[in-house]
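Heads up, the chain below is alone and in the form predicted on its own; it's given as structure tokens.
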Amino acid sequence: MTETAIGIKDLAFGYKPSKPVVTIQEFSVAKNTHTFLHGPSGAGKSTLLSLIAGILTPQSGTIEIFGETLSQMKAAQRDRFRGDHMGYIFQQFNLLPYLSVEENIFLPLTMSPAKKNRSSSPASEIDQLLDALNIGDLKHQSVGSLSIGQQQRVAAARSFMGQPKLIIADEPTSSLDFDNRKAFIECLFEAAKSAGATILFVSHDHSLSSLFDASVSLSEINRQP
């Protein structure tokens, strides 16, 4: 029997309850798979990711992550659950410009004791991620001095620290050309394999879908009333 990493049922969310942005009857992502979720800008992709991560809470319906129902958790519990079990590559990266590349990547371990305990050698883990993403020579540089593409790869490395079981990626390759996008995704897959992680990758670029185990159109699952 296939285990489920993400399970959504009867979900409804709107920034104004009378105007839903996301209404999904059912959607699931199998554990240890790489799923590509696509849709045009403004379709609600980032909103759905924030719901899955527990940053937002739905007006109705349920979201389960590895069998845990996020809507039954208090805000602090959702934050802890996200910190312990998820890695998030934000569309705007959310890197701290006054820290070095190494310090930014190390941050998840300072926020989650569970991730820190899973990382037997943080320095080695950081070096391996940097080498896999071809940014090993940038380790001690300030992220403020990096190109957009380099910052994307730092954000990806940070998301894998502490072996999270779910990686959520929000348009992480938008500033890369096709060859670099493909190489970036292959690095993500390799890191996910090592960590035994599930990937939910969101993009408007449908040309990348063939690289993934499954491809889902948000417009097909997001049924607006």
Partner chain sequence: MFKIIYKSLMNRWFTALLTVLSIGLSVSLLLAVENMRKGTKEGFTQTIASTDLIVGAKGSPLNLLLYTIFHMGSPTENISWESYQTFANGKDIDWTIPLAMGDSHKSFRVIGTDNNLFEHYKFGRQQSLTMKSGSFDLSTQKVVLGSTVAKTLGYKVGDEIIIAHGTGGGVSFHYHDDKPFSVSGMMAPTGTPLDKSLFISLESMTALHADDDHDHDHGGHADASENEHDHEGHDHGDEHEGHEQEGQDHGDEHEGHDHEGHDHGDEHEGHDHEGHEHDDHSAHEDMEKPELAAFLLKTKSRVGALPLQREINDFEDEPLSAGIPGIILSDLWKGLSYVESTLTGISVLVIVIGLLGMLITLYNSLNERKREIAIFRSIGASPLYIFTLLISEAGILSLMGAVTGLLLSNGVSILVADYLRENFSVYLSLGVSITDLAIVGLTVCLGLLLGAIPAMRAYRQTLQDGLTIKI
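Keep in mind that this is a model prediction, so the values were computed, not measured. Positions refer to the first chain, counted from 1.
The same protein has a further form, the form predicted together with its partner chain, not shown here; the description that follows concerns it.
Every member of the trio Tyr98, Leu107 and Arg158 reaches its partner chain in the predicted bound form with some non-hydrogen atom inside 4.5 Å.
Its partner chain is not drawn, but in the predicted bound form it has no heavy atom within 4.5 Å of Ala132. Using a 4.5 Å cutoff between non-hydrogen atoms, Asn94 counts as a contact of its partner chain in the predicted bound form.
The closest non-hydrogen atom of Asp127 lies beyond 4.5 Å of its partner chain in the predicted bound form.
When contacts are judged by a 4.5 Å heavy atom cut-off, Leu56 counts as touching its partner chain in the predicted bound form. Figure note: of the listed segments 183-191, 65-73, 46-54, 22-30, the one touching its partner chain in the predicted bound form, with heavy atoms no more than 4.5 Å away, is 46-54. Expansion of the Leu70-Phe93 CA spacing by 3 Å or more is recorded in the predicted bound form, set against this form.
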